[in-house]
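Okay, here we've got a single chain as structure tokens, the form predicted on its own, with questions on binding and movement later.
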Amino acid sequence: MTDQQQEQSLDPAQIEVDVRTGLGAPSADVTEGRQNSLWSDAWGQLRRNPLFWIGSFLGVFFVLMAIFPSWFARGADPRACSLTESKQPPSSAHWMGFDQQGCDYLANVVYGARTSLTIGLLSVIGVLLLGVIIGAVAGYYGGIADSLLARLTDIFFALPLILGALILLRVGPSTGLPILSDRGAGAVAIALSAFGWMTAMRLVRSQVIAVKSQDYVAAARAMGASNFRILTRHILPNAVAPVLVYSTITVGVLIAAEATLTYLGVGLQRPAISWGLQIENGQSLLRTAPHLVLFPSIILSLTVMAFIMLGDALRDALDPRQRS
């Protein structure tokens, strides 16, 4: 093929020349096809994974329970109590029996899903915001910024999640901040986010360092793209897969952490309704009314398991080394 024929075979609409640099680059975003291929391959892998379908079914079930609790509570009101029914065992009319105050326990467990899931989702949003922002800045700019942020991360890593959140919730009332003083869902979510972002930061940092050396990032930089555009359009979309897997698993971990803090007496306070409060209230009645601990523990375990199964399925689908 002659040079003239090669020139005619090129589609001018597909080539964009930067007059200032003399570099030619595709006018389309080169990362778009890469991302489409990644997610289409991942979906094909997910469809064949039974863990994904089991986790999805359980996850959707509990999310619907949190959004529409009246559908699952059989018309019972969790606040309608009668001491004559105190600690009654499960029956055909009341599937989970009654608690110590004589409240329908099925209704309490169902309505507790909203609080527990809300805290889990709010916490993981906070974890992702902190982890992605700090990790992206550290990985992209490197140097002194990377060193300082890495040392800051190490400081927070020195405190375990439960211990750090416990300390923050203990000292919260003395800070004067209303959101930390009321021990509500917002305070617990902030405490869990403040001491749970470090792993997300390291994942994002490592992915950004690996991606920023790719040719398409260098081409975008040569064409004059700003640092913000390079990060948001070229680097982060290709670094999101491990963070997505981590966040899915972390939702379940943070729900369990909220229940642990509440069980220790530093989380949610009455009159809130949550699985952690129900387990904490029922621990002293384990011998006489074991159903008060059994049912919320089972629902809590299934919820945590659902998100962990989804995270494992996503990890297998998004990691090419796991594909057959």
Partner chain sequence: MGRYVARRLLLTIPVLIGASFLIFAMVYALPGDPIRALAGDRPLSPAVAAQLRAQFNLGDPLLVQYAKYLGNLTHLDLGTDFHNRPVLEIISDRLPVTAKLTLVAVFFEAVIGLVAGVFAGIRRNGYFDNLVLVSTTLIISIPILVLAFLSQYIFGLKLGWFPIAGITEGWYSYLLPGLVLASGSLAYVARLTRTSVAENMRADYVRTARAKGLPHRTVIMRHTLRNSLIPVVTFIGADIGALLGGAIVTEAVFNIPGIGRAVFDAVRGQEGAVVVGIVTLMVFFFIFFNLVVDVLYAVLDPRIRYD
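Remember, it's a predicted structure, so these values are computed and weren't measured experimentally. Positions refer to the first chain, counted from 1.
If you look for the form predicted together with its partner chain, you will not find it shown, but the lines that follow are about it.
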Exercise for review: Indicate whether its partner chain has at least one heavy atom within 4.5 Å of a heavy atom of Pro89 in the predicted bound form.
Suggested key: no
Check your understanding: Taking the shortest heavy atom distance, is Phe157 within 4.5 Å of its partner chain in the predicted bound form?
Key -> yes
Point to revise | Proximity of Leu268 to its partner chain in the predicted bound form, heavy atoms at 4.5 Å | key: no
Check your understanding: Even though its partner chain is not shown here, does Phe61 get within 4.5 Å of it in the predicted bound form, heavy atoms only?
Key -> no
Practice item. Could you work out which of Leu149, Ile125, Ala73, Ile167 is the residue within 4.5 angstroms of its partner chain in the predicted bound form, going by heavy atoms? Key: Ile167
Check your understanding: Does its partner chain come within 4.5 Å of a heavy atom in each of Gln283, Leu294 and Val304 in the predicted bound form?
Key -> yes
Review point. So which bits of 268-292 sit within 4.5 Å of its partner chain in the predicted bound form, heavy atoms only?
Key: Ile279, Gln283, Leu286, Arg287, Pro290
